[in-house]
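Only one chain comes next, encoded as structure tokens, the form predicted alone.
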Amino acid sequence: MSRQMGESHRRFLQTMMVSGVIDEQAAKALYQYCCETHRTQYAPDKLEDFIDTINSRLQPMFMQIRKGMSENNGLQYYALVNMAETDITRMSSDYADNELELFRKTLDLIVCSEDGKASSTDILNSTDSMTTRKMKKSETEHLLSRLVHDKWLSEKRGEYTLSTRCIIEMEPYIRTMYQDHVKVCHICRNIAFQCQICENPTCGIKIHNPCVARYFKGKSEPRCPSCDDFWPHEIPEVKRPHSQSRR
């Protein structure tokens, strides 16, 4: 297939640059819109080839449109990621040094926790040990709001988790820096923060909540896929894309 970038590819990329991350359904709709707007051939099953063409042109700039799963709903998302820098310094153009330090501390709290979450109280308390300029409570709260708005963090009832964009873009860094703490999903082999853990002390595998829902769907007596022990956790429902649920 031709690797020539056309106007449809450029429009798709421009939208990704603005959005940062979009779900698979939105990506498919955007792909169709770009092709129809610029009167180029549209094939519903060729989205990956379309994105590969864009990525071939982004490679010299160390950028890539990368696909990953949301831990919240199990849906696939596409994110425009920066591959030139492998750590949090990629955010330095948007955040001050002390803001980046607090984000690192928040990342520490989330990755090293049992449930992949950090409370607003723990994040506020972590400012006491900052080596750069310490932040006031109001400054910390404003930064957390920005990190949520910029899609680096997600927040629910005062607890913060890593967003889909953050996991997709930061996964190589997280795997390198937190080797002793990173959990890997037994089903999909991606890093897992929101997950269930086998209670057999000799097993202890982790499975993403959405992967749990899909793997155990329809099974009356769920058993661990590794040790075959009974799986005692509540099995969540499989979530469907919005466009499917409306039909």
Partner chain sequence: MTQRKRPSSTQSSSQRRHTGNLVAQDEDDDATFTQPSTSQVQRGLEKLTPAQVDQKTAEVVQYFLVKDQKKMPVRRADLVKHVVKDYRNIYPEILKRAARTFDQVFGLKLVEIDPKNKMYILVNNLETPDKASPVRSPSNPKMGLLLAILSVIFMKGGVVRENLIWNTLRKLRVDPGEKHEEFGDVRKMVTDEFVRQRYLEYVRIPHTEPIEHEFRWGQRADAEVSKAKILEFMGELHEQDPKTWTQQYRQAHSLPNSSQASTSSSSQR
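Just so it is clear, the structure is predicted and the values come from calculations on it, not from any experiment. Positions refer to the first chain, counted from 1.
One more form of this protein, predicted together with its partner chain, exists but is not displayed; see below.
Enquirer: Heavy atoms, 4.5 Å, its partner chain in the model of the complex: which of 23 to 31, 204 to 212, 43 to 51, 178 to 186 makes the cut? Say which one.
Expert: Result of the contact check: 23 to 31.
Enquirer: Taking a heavy atom within 4.5 Å as contact, would all three of 5, 37 and 61 count as contacting its partner chain in the model of the complex?
Expert: Every residue of the candidate spot has a heavy atom within 4.5 Å of its partner chain in the model of the complex.
Enquirer: Does its partner chain get within 4.5 angstroms of any non-hydrogen atom of residue 19 in the model of the complex?
Expert: Yes, contact at 4.5 Å.
Enquirer: Decide whether residue 10 counts as a contact residue for its partner chain in the model of the complex under a heavy atom distance cut-off of 4.5 Å.
Expert: Residue-level check for residue 10: yes, a contact with its partner chain.
Enquirer: Do residue 94 and its partner chain come within 4.5 Å of each other in the model of the complex, heavy atoms counted?
Expert: Yes, residue 94 lies within 4.5 Å of its partner chain in the model of the complex.
Enquirer: When the contact criterion is heavy atoms within 4.5 Å, does residue 15 count as touching its partner chain in the model of the complex?
Expert: Judged by the heavy-atom cut-off of 4.5 Å, residue 15 is in contact with its partner chain in the model of the complex.
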